[in-house]
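Structure 1 and structure 2 below are the same protein chain in two forms, each given by itself as structure tokens.
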Structure 1
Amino acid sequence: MTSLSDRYVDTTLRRLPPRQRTDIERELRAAIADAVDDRLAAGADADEAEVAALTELGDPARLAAGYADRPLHLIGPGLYLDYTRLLTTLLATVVPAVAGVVGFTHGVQELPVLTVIGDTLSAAFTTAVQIAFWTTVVFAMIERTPALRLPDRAWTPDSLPAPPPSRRARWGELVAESVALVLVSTFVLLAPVVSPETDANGEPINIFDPWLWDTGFVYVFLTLAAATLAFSFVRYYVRWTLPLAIAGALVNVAAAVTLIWAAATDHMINPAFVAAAGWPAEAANWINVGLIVIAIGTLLHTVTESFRQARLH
């Protein structure tokens, strides 16, 4: 066996998993030797015979691919659907976004219309080409690297993509919600003792209806508000479950309904405060209407959000 055959065998084996190498090497060397002998018997000289035998065996990369049962195409059937899905999603979202941003920023600069259109189209085109190129490169690498692929390509519901992070309360929302709750609670709890208006005895006049304190309603409401915030935190940190989602939605609904009820029964604003502050007579009504609108908005949001999340799971 000369160096040419050795190089051929080595090149083939290098592309194969180590545990297959020994057996395939023996087999391959025997096959080459047989082919060479055949040609020597037919009267060829040794070098010719070897070159002809190896030529007949063909590209070692192709041979190794056959031995390893490895596909010789770029994006194979196993990854094709993932590939097209990701590519479609990226193209459908990123390209319009880039085009929108470029069109908007250039439009704001009051460039000529044709320039704006041209720049927008060329930015969209470049983005599309980049996305297609890099997605293809990544998938080709995954396809060629068995370690990167899932061992079992069979689809199960478990392989469904994780719900997008947007289903969770975002961190910024969480912070804003916490700050708002602390401010509102402080304001409400201090209202009986701190007020811009004082009565004849110099006592502060509560902006809120004292009825809320007399009945303990205010504490129910603050508790529900705190529970709403707690569920927002839970939703941020804990996996979505049906019981958790229902409990969270119910707390939200309870808080909103409580607010609506207090506002609708005119138990929110202290009439004495409105009089002392010299507000128009209708002010309390408008505040009530505003609070009811906010509460209904919260309700609708809770309901639609629940539907959306339930569909995701």
Structure 2
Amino acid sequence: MTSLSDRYVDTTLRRLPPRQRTDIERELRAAIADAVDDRLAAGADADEAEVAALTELGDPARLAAGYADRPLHLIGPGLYLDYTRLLTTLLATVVPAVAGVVGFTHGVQELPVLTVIGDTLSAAFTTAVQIAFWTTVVFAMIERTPALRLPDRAWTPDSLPAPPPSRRARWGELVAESVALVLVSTFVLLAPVVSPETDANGEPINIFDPWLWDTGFVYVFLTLAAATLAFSFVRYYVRWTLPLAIAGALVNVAAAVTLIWAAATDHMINPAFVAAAGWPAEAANWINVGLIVIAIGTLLHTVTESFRQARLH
């Protein structure tokens, strides 16, 4: 089979319990091969025959539900797949975005750390509940009001997700992330005792603001960075799920928000180090702006990646 049929089979099998996959994969591949052979015998070319065979089988989500004897009912069978896809997309994108905004705004106001964490989690939970409730209400209204419904769209193989990057490529990304985390953590933790600049007593001057160590903030940030890497490893070994995606996205958002807050409130660079190194007075501001830009880029990547993953499932 070609990659198109492989993608169709993979998309279908991902929605089935592991114990059913082997038998159904064999059955499904045989059905596709037979359908393609029939069309080739009728005079179609190979590509047209494959597309026609997959189109006739229909949406792999609906096919998997039939294999698993799992009814597509909550709102109604006609809109069930659209309902679950929209709900998944909204939960995986809007919830982390709201949590990031609340965490950042409360952090800039310099509220206590526990208050910031509590309000951020509360906003994420409330947003998730509101999304689930109102999405369900809207789809229930559409289901029961035919005039509001758009004509059903026919499923085609063009809707199949693109093949994921190879396992080897993803392993390379994990190794790169691990090396980067070790290097950054080592640099940060050694900064108070290893420095190119010293004071009048010959003691090293920390490049980072001592406030980070006095309050324990540096350990909170390194813990969040380590948790982000842990989620990357989990996603490598475990199949993507909505709870896993939301948890990983929230950890990424929390790490980015803490970095933005520390940079925006001038708690990152030690003014004494800037003076001792003879840097321009604006150097600390430039570094803070650079860190904020990196953190915002991380936030945008987290949201867009969550949206992409949600659309594929």
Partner chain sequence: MPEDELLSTHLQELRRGTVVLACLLILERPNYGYALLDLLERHGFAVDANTLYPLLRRLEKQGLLTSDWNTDEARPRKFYRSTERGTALAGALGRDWDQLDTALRTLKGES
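Basically, rigid core = biggest C-alpha set you can superpose within 1.5 Å across the two forms. Counting starts at 1 with the first residue of structure 1 and goes up one by one along its sequence. These numbers were taken from a predicted model, which means no experiment stands behind them.
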**Report entry** Between structure 1 and structure 2, the form predicted alone
**Finding:** 2
Report task. Could you check whether the CA atom of residue 281 moves 2 Å or more between structures 1 and 2, using the rigid core for the fit? Result -> no
Query raised in the report: By the 2 angstroms cut-off, has the C-alpha of residue 120 moved between structures 1 and 2 once the rigid core is superposed?
Result: yes
Query raised in the report: Is residue 135 one of the residues whose Cα moves 2 Å or more between structures 1 and 2, with the core superposed?
Result: yes
Query raised in the report: Supposing the core is put in the same place in both forms, how far has the CA of residue 22 shifted between structures 1 and 2, in Å?
Result: 32.8
